[in-house]
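Below, in structure tokens: the form predicted alone, a single chain.
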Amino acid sequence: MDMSLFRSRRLWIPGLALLVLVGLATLPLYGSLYMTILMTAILMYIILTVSWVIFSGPSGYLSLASAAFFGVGIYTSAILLPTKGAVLPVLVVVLIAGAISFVVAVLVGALTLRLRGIYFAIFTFGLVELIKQVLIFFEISVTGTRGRFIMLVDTHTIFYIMLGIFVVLMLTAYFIRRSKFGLALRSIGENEEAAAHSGVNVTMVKVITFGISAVFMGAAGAVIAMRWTYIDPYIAFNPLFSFLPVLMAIFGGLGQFYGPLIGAAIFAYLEEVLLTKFPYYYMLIFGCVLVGTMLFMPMGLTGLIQRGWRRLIGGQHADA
């Protein structure tokens, strides 16, 4: 009985993922423009959350640098896609943004990933503020401007590029999770000293994974900047983009591969609804939802789903 349930689960999960992907790919054909814009925003939050989980989930290192890499991607678009003058192809800009974010993450990781616990979290959050303040100083003192306008890009083009980043991210996360590299990262999270003594190059594994996660954050930032059309350092390096991925991952649950994905999708949609209907109270409601999750669903939505699955199996055994 258990094996048949296991096999059925192995079959319907890929089938459901394919069905969702087909639905997303055809959304602009049957959905409204608002629905396409909303789904683009949801995909952006999913990318930020899953990217954060790739590194912080198994390693146990709480990174608050998401806004830094996201902002680097945004400013890459701002520089390479001006409203006037020659511009590069959009896909090239996205790739460049991912590459720059990777380089920044590797450099920062090589310097800071020897720190642990709250020290690493504080430093990564400080990185966001450092880059933001440097850009503010540069714009005010050197260019004499505040913010930048970005070339307008078609909404459907933005959606499909964001969807492509999402697909590549999910494949990357899956293969990392199933690879020896992912096993090494989990061993670091369980006991870093033991992992080092067993032959794992701890620093290399952490730095490379940190860099890989930053690639997708930077790419997502480059794409979403094309929809915002105007950005400045306060918009690009908003601290919320560091905290929301953490909250979304906790809400979904870190125990399963699909947990952060579901948590990000629900939280992103909830943010859109609350901002529209309760613009002055949405952060308060957001906080109440999070506190309720921590109190009554400490394992997140995946914990709730697993309990329901176990009860279903138990009920089928009882009927048998």
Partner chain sequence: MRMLEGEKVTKYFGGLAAVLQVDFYVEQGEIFGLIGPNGAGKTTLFNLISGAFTPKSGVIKFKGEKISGLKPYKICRMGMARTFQEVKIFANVPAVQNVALGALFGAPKSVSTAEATKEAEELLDFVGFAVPKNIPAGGLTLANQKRVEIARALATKADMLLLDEVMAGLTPTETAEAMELVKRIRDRGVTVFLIEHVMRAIMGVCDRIMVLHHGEKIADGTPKEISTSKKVIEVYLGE
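Numbering follows the first chain given and starts at 1. Everything numeric in this text was worked out from a predicted model, so none of it was measured.
Keep in mind that the form predicted in complex with the partner chain is not shown, yet the notes after this line are about it.
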Practice task
Look up in the predicted complex whether I100 has a non-hydrogen atom within 4.5 angstroms of the partner chain, and give yes or no.
Solution key: no
Practice task
Tell me, yes or no, whether G144 is in contact with the partner chain in the predicted complex, where a contact means a heavy atom of each within 4.5 Å.
Solution key: no
Problem - 4.5 Å heavy atom contact, A195 and the partner chain in the predicted complex - result: yes
Practice task
Could you confirm whether V207 comes within 4.5 Å of the partner chain in the predicted complex, counting heavy atoms only?
Solution key: no
Fill in the blank from the handout: Checking T229, T155, T172, S187 against the partner chain in the predicted complex, the residue with a non-hydrogen atom inside 4.5 angstroms turns out to be S187
Fill in the blank from the handout: Note: the partner chain not shown here; in the predicted complex, the stretch from 122-130, 105-113, 177-185, 231-239 having heavy atoms within 4.5 Å of it is 177-185
